[in-house]
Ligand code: GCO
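Only one chain is included here, represented as structure tokens and corresponding to the form predicted alone.
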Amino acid sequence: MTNNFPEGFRWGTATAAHQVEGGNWNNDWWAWEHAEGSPCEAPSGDAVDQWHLYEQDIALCAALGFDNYRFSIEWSRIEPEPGEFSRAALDHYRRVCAACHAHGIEPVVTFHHFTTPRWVVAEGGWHTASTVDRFLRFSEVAVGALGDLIGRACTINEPNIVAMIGYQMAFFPPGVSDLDQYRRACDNFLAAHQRVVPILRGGPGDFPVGLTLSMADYQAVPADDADAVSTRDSVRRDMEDQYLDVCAGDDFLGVQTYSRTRVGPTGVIGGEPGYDILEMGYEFYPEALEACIRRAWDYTGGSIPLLVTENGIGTNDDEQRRRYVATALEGVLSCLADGIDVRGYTYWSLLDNFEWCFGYRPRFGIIDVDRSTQRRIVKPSGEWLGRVARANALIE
């Protein structure tokens, strides 16, 4: 198997608005961080101030060797009240897109990455069908203002995670455990994705549109136990299959993978002895990426090009980060060798940033940030991954 990636393979890194911009006070996450009894370890606060430092960060992307940068636009900034759209916020995101182009970077724009305006939540949230219509209206305005500068569009980031952790595990907003609300939230996310694709395609510009889905290497334990296999398949249908089903006709599917999930006869079980457990509570298991790419390809019948839109590791051990990514990329090369249409790899994350309920403890970035000064310091893993990107090959 060659260490070379195909010509035109895309190399990127990613962030999300709430995790890096700072001061996103008008959304459900800011409210969640500051609520009494919140599970969040720390509030987001000023984050890493990318609202002001975006050009510096984009320049670092380009200097390292990446050709695209995935970021999200913050709905609560653009539409702070129902039907009231901020020209200043839209102009800001035009400047972000323009800075990408100026540095030879493709702007990959995510329209919803976990956060929802407070006023939307006050009127119902994602378990309410009206939220779909509100999201479509926002997306139509946003693509109208930005579409001519967008290189690729991601509709909704990991809707399966927002639904499961917010409406079942009560760890994300709205912080409930309600099966009926969970099912309605899933249905609304599925509808929102399907209905927003033609809206984004109908705006100015001509760019690919797709969904980004959180996937895991779901493994039955024991592998030959019929009950474990049945339970694994049921969990996977809920978390993946219903979302894969609505991607038919999209321009790409974004595969987002961090580890595996072991499933026994009665449900999800813990990690396997002998495997390191990372800051986020899951196993060091970079082989999951290859497994998820193969499953996405097989499930969709090879009908949709694949992009790895998130893959990475939260760790204080930068050499462990490099080992993780190298093994994950070996898996991508194996998939490519078998004819699977994988068109790019995006590392999560560009910067150490706000990791939701875990606060600032997990460090996913290939760039360190001193939050007392907001100084950016490229890690050795970032220098190495940049060399890989420039060579378009897995190198030492």
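For every residue, the number given is its place in the sequence shown, counted from 1. On a predicted model such as this, the values are computed, not experimentally measured, just so you know.
Below, we refer to the form predicted in complex with this ligand, which is not included among the displayed structures.
TODO: Identify, from the list 77, 113, 92, 152, the residue with a heavy atom within 4.5 Å of this ligand in the predicted complex.
DONE: Result of the distance check: 113.
- [ ] Taking 4.5 Å between heavy atoms as the contact cutoff, choose which of 67, 33, 57, 355 touches this ligand in the predicted complex.
- [x] Checking each option against this ligand in the predicted complex, the one that comes within 4.5 Å is 355.
Open item on the list: Residues 259, 332 and 345 are flagged as a possible site; in the predicted complex, is every one of them within 4.5 Å of this ligand by some non-hydrogen atom?
Closed with: Heavy-atom distance to this ligand in the predicted complex: none of the three under 4.5 Å.
- [ ] Report yes if any heavy atom of residue 364 sits within 4.5 Å of a heavy atom of this ligand in the predicted complex; otherwise report no.
- [x] Contact with this ligand, yes.
TODO: Decide whether residue 157 counts as a contact residue for this ligand in the predicted complex under a heavy atom distance cut-off of 4.5 Å.
DONE: So residue 157 counts as contacting this ligand.
- [ ] Mark residue 19 yes when one of its heavy atoms lies within 4.5 Å of a heavy atom of this ligand in the predicted complex, and no otherwise.
- [x] Judged by the heavy-atom cut-off of 4.5 Å, residue 19 is in contact with this ligand in the predicted complex.
TODO: Answer with yes or no whether residue 280 is in contact with this ligand in the predicted complex, where contact means some heavy atom within 4.5 Å.
DONE: Yes, contact at 4.5 Å.
TODO: Tell me the stretch among 236 to 244, 251 to 259, 94 to 102, 78 to 86 that has any heavy atom within 4.5 angstroms of this ligand in the predicted complex.
DONE: Contact-bearing stretch, as computed: 251 to 259.
Task: Partner contacts for 295 to 320, taking this ligand in the predicted complex and a 4.5 Å heavy atom cut-off - done: Stretch hits: a single one, 310.
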